[in-house]
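Shown here is one chain on its own, the form predicted on its own, set out as structure tokens.
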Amino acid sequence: MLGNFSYKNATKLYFGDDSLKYLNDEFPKYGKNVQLIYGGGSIKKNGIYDQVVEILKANGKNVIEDAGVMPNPTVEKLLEGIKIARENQVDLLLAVGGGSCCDYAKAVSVSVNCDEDPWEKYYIRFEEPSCEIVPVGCILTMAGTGSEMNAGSVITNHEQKLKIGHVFGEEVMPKFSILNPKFTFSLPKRQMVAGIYDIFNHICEQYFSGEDDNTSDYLAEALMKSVVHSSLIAIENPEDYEARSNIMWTATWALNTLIAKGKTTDWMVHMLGQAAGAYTDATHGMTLSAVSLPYYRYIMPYGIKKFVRFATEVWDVCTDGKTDEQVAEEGLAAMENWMKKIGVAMSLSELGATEDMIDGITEATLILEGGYKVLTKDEVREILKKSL
């Protein structure tokens, strides 16, 4: 039975190769001071920075620079962004980049007017903002996280060796997001495939929960098949517009909260991957790919019906003369073959994790209860060992 829920998504999207022009429709809604958030400077090399600044200035905005957002935004960077926003009394946070820039912008948005330690309030106690929130807009240059149309924000605390995500309420969602698939063309291949796997795993986290046939599962299967199909085209020709646009659009729908409706959802792969990321600072999508198969093979007996469905509906595994366990394993083997084909990390050791980190990563892993099996810390440790 599909569970009870309410649904609202507050983000307005502009999609396509001319979508940047719609900034002219959005900027008049906000005050003069815009904090321009971006990463290491790739947007200056590919020309996106100049295009955005030109539109900002044409709309009479004061541009306040906030560069250097790292792939795993840190508490220190968050405090720096808060300081910039406060000193300049910013009216809009404009993130230009991938999910890290969007996540960081949302963390700044709820923290500018907060009179408490934002790490403790939002990422340790998981409280909601009780202060005024500075609006966020996103211009996406990497497809993967879905951060452009959700209220999630992941921040890393290296001192505490924790990487934690908080999914805020709908008021924290970006007010608008610009999605131009051509802006993703210049991404290095490794970043592209990391994003692709992030998309796929977002869908898996929601799919592998519950036993009933429902619309959310049918949508998830279609999205997974779309990711697989388009990814194989994109790794051969990264500038195939149709493939990259389908990947970008699927990334948004994979995590804009729609397919989670009526589901308990799992998210343990993310908890394992984020804990490993806090120790290795590895690319997010790669930490997910490194732990996925050991985790899914471990929980498969507890959700065998869904794993059989996954094998038959997503990977076209034939069931003739086979046990449910054989069919389910063939599905995971097909998933493994695809992962190797696109070139994601298949082990944590590839990402710099070592045996002596396992106990620390185990302790840093948050245990959630929405999947087919609530893990013990010993089970987490065993899965992590198999992920090495």
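If you're wondering where the values come from, they're calculated on a predicted model, not measured in any experiment. Note that residue numbering follows the sequence shown and begins at 1.
We do not show the form predicted in complex with a small molecule, though everything after this point is about it.
Enquirer: Please determine whether Asp266 contacts the small molecule in the model of the complex, using a 4.5 Å cut-off between heavy atoms.
Expert: No, Asp266 is distant from the partner.
Enquirer: Quick one: is Gly47 in contact with the small molecule in the model of the complex, heavy atoms, 4.5 Å cut-off?
Expert: It does not: once the small molecule is placed as it appears in the model of the complex, Gly47 has no heavy atom within 4.5 Å of it.
Enquirer: Is Asn214 a contact residue for the small molecule in the model of the complex, using a 4.5 Å heavy atom cut-off?
Expert: Output for Asn214 is no: heavy atoms all beyond 4.5 Å of the small molecule.
Enquirer: Spell out, yes or no, whether the shortest heavy atom distance between Gly331 and the small molecule in the model of the complex is within 4.5 Å.
Expert: No, Gly331 sits far enough from the small molecule in the model of the complex that none of its heavy atoms falls within 4.5 Å.
Enquirer: For the chain shown here without its partner, which stretch in 229-237, 72-80, 304-312, 121-129 has non-hydrogen atoms within 4.5 angstroms of the small molecule in the model of the complex?
Expert: That would be stretch 72-80.
Enquirer: Please tell me which of Ser109, Gln206, Thr184, Ser289 lies within 4.5 Å of the small molecule in the model of the complex, judged by heavy atoms.
Expert: For this set of options, the contacting one is Thr184.
Enquirer: Would you mind picking the one in Leu92, Ala260, Val154, Leu223 that has a heavy atom within 4.5 Å of the small molecule in the model of the complex?
Expert: Comparing distances to the small molecule in the model of the complex, the residue within 4.5 Å is Val154.
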